[in-house]
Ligand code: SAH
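Just the one chain here, laid out as structure tokens, in the form predicted on its own.
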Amino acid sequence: MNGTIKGDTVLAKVTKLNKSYGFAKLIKILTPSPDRTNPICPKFDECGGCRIMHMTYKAQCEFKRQLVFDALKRIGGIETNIAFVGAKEPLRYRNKMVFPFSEKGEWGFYKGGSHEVVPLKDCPLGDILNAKILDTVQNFFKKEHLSCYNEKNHTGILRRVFTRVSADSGKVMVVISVNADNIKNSDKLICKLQSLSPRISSIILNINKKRTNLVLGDRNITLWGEDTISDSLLGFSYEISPHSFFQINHTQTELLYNKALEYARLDKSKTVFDLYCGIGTISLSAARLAKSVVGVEIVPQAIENAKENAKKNGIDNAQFYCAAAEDITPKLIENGIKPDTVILDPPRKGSDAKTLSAIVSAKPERIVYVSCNPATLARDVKFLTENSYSLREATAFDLFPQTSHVECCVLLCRT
């Protein structure tokens, strides 16, 4: 039930009953749980982002650990101990944020379960500079009489503002997504943003004229500064474009990837498949330890970034393929390229039977599965454990404090 936590005594209205579970709406909290705390954000009740900010951080960690445990048990049929790694900084940790604008010209986040923008003055999960950037863009569009996007009618110009921050340098990329080919007097906006802070190193106009909910369109125009922003993970440097996937919590990501490499147990005799490799963040770290690495990713720009990142970091034993994992994995194996270790880091929908079947047929010693969705992780783990693999270890990481999302890394070994 939204708004409640374990230990609350509440008055609630039952809205739906099924055979084994039901739904209810919170009416009133009668006795609060000892794990309840006052949310730091004044828009907590409206915004759809930080669903568990009303829990103490200790309670948040236990809630997420239990989430992974329950999914593996209920969906995967596996009962195992889940180690949990909480965050040292549960606020101001996000290096990437996307803020939609309403037709009224207000910026914020969507209300839970809708596309209604909840106006904000700041978000305590992101960089302190974000609010100034958003206010500057908002004021510019208002002064220039430029409209904001109407999702229903597909009219108006300003859709979203996207910021990305480098943990290494503190530099900030600003991406302005518009339903147009350009914006008038953009030089004025550039000057206003430049004057905010020397940390702003890149201002990019993203053209998104399609009637879609995708955050960004296909085309970027660099108005000022660099086309990419530089950051590092585990000692490797990366050039990140607006479309590139890069984990949003730098500190926790390094802990997560170190655990994945620990589970992989690589040496110079091992060949590694890194499926859903993105811009090669895990691939390059694995290549430093292994004989060779094959990275697979369906996003063309991410693969180009991965190749550039390999070259930039002096990695010559990693190959990258732009293709769907389910299509290319069987072909690679048929051509005699067989992995000793497979690392998977799929999107929320998880992997698929075709890819998993190809992996099983190659008989790698170890499979390391990194997941942002306990349900699809459990589903795929069930498939693998039914096909000659056993789950040996599982560690969950809190990459997204204050939200209900949790990242997990599991090790499966061939039996």
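Don't overthink the numbering: it's just position in the shown sequence, from 1. On a predicted model such as this, the values are computed, not experimentally measured, just so you know.
In what follows, reference is made to the form predicted together with the named molecule, a form of this protein that is not presented.
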{"query": "Partner proximity in the model of the complex: S177 to the named molecule, non-hydrogen atom cutoff 4.5 Å", "finding": "no"}
{"query": "Any non-hydrogen atom of P346 within 4.5 angstroms of the named molecule in the model of the complex", "finding": "yes"}
{"query": "Proximity of L129 to the named molecule in the model of the complex, heavy atoms at 4.5 Å", "finding": "no"}
{"query": "Exercise: S244 in contact with the named molecule in the model of the complex, heavy atom 4.5 Å", "finding": "no"}
{"query": "The unique member of Y257, F236, F141, F99 whose heavy atoms fall within 4.5 Å of the named molecule in the model of the complex", "finding": "Y257"}
{"query": "Listed residue that, although the named molecule is not shown, lies within 4.5 Å of it in the model of the complex (heavy atoms), from Y276, F109, F320, F162", "finding": "Y276"}
{"query": "In the model of the complex, segment of 297-305, 144-152, 198-206, 80-88 with a heavy atom within 4.5 Å of the named molecule", "finding": "297-305"}
{"query": "Heavy atom contacts to the named molecule in the model of the complex at 4.5 Å, residues of 309-333 in sequence order", "finding": "A323, A324, A325, E326"}
